[in-house]
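Below sits a lone chain in structure tokens, taken as the form predicted alone.
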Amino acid sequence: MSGYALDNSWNQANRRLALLEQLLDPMTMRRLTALGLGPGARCLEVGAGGGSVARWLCAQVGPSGHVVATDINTALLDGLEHPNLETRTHDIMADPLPPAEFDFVHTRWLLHHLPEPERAVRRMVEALKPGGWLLLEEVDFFPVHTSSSGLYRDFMVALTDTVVKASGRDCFWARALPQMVATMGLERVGGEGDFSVIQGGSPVAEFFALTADQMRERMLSSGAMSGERLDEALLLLKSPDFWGFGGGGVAVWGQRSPA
């Protein structure tokens, strides 16, 4: 994942990820619970970010369970102290995973950063024990095109394109994820969607503003957006009079055959 833009060593990375966790964690926890997560499970969290899901997993699986949390930069994970937690510096595109070891494998908002997401998903499937569950949570930013604000639409497209430029991907592809997972040989494949509603000045709006702050130089140097127009968009995200849609969440799950 060379060229990954959203480095966890950035001085506002913890705040930025905490805002994303505030939005997404309740849905992730509900989905994992529905799949049967419980005491004694062995779990893999790929691209663990700020570690909120890893912490929650540790509490759910208890002392008889085990959680492996990976990231290409574990700066925000290294301070977590749980006896059943193991953190690993790991690149899902380059580094192998142990085969058939985990009862649950989860990743969130990672695949759009990868040049070959299907390859990464296959690696995660292979890391499942027979009977183990895979949960993938991704984002597709198609809802932003419904906004009446051309400035907001242009900002979100420029921002998301800049974030994933190094991988050659885009942030308007996750609608294809259910079909991709359905070809992986898993059983009981299912999915659901959601999308965020953004008000200017809200935590979700702050998340995107911080992401733009981290991406500012790249956005300007690439010509994705002018500095003046970017500043106008950031003011829009602070205005309580602004309302719009954020990304569309796409969650897909499947079970490795128990046989």
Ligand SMILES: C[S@@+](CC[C@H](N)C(=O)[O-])C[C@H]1O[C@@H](n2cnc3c(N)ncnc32)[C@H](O)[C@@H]1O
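Position 1 is the first residue in the sequence shown; the rest follow in order. All figures in this text were calculated on a predicted structure; none of them were measured in a lab.
There is also a form predicted together with the ligand; it is not shown, and the following applies to it.
Shown alone, this chain has one stretch from 170-178, 127-135, 106-114, 142-150 that lies within 4.5 Å of the ligand in the predicted bound form by heavy atoms: 106-114.
Interface residue among V189, L80, I72, A158, judged by heavy atoms within 4.5 Å of the ligand in the predicted bound form: I72.
The ligand is not shown here, but in the predicted bound form it comes within 4.5 Å of a heavy atom of L17.
The closest heavy atom approach of G47 to the ligand in the predicted bound form falls within 4.5 Å. In the predicted bound form, I92 approaches the ligand with a heavy atom inside 4.5 Å. The closest non-hydrogen atom of N8 lies within 4.5 Å of the ligand in the predicted bound form.
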